[in-house]
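In the block that follows, a single chain appears as structure tokens, in the form predicted alone.
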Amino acid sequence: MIPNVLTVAGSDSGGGAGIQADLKTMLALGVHGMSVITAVTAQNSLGVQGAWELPVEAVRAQYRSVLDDIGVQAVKTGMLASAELVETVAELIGGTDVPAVIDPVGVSKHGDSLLAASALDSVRTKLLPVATVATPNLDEVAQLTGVHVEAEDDLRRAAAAVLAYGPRWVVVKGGHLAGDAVDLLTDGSEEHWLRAPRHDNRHTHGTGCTLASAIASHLAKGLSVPDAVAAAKEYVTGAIAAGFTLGGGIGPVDHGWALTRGTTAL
């Protein structure tokens, strides 16, 4: 049977990130994607022009509708917007005995805020503790922990600061550093350094959503956390290399890059 993966995130009307990126990633990696929409954004390649969160009752109803009938093998979260939504989703995930990949989305690729400042403590104390894998970028690490990463040597300290909030594993994404794109995956004892060449392509909208969804997809297929993250890193690196122009700003990564090139490596 095809594994089922549920994304709990916001909608990106431009199709490059959020729910749309998650479902494209899941399709490309051979799992059945399902969705709980937490917010609707008016968004394009230039930025986010507006965002409207859904009522907690609507989010809870979507989640229960999917879980109670279809079931899931992994859950992934993205934009949760408010403390109330964060706490509701954390409660739902805590009652679901499957791997959970938490992408603690704080700002968009264009710098637009996607999480209320009042929700940060709920992310720390409610959401991160239910994570099988947390996937913060360097800005999100700073936002959540106060640790600022300036060089690769700082990644261990950043990972330790995130792990202190309770996730089983953390991937600190070092894509904003100079040089190769290096990420650190650790559970506090094991370390896995994931390196990939940096592609000279500005069209990288949706990379965080895509990586988290790819990790969830591979976990749903039964891979271990290190293997799932390594496979997801390979997938998102290819998607970044194939990123394309869309509109007048930052275009998206190409979620179908492996399919359009006829490879079955993923």
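As the structure is a prediction and not an experimental result, all values here were calculated from the model. All residue numbers are counted from 1 along the displayed sequence.
We do not show the form predicted together with a small molecule, though everything after this point is about it.
Asker: Within 4.5 Å, heavy atoms only, which of Gly30, Pro55, Gly50, Pro197 is in contact with the small molecule in the predicted complex?
Answerer: Looking at Gly30, Pro55, Gly50, Pro197 one by one, just Pro197 meets the 4.5 Å heavy-atom criterion.
Asker: Is Val59 close to the small molecule in the predicted complex, meaning a heavy atom pair under 4.5 Å apart or at it?
Answerer: No, Val59 stays farther than 4.5 Å from the small molecule in the predicted complex.
Asker: So, Ile240 and the small molecule: in the predicted complex, are they within 4.5 Å at any heavy atom pair?
Answerer: Yes, Ile240 lies within 4.5 Å of the small molecule in the predicted complex.
Asker: Is Gly175 close enough to the small molecule in the predicted complex to count, meaning some heavy atom within 4.5 Å?
Answerer: Yes.
Asker: Would Met26 show up as a contact with the small molecule in the predicted complex if we use heavy atoms at 4.5 Å?
Answerer: Outside the cut-off, so no.
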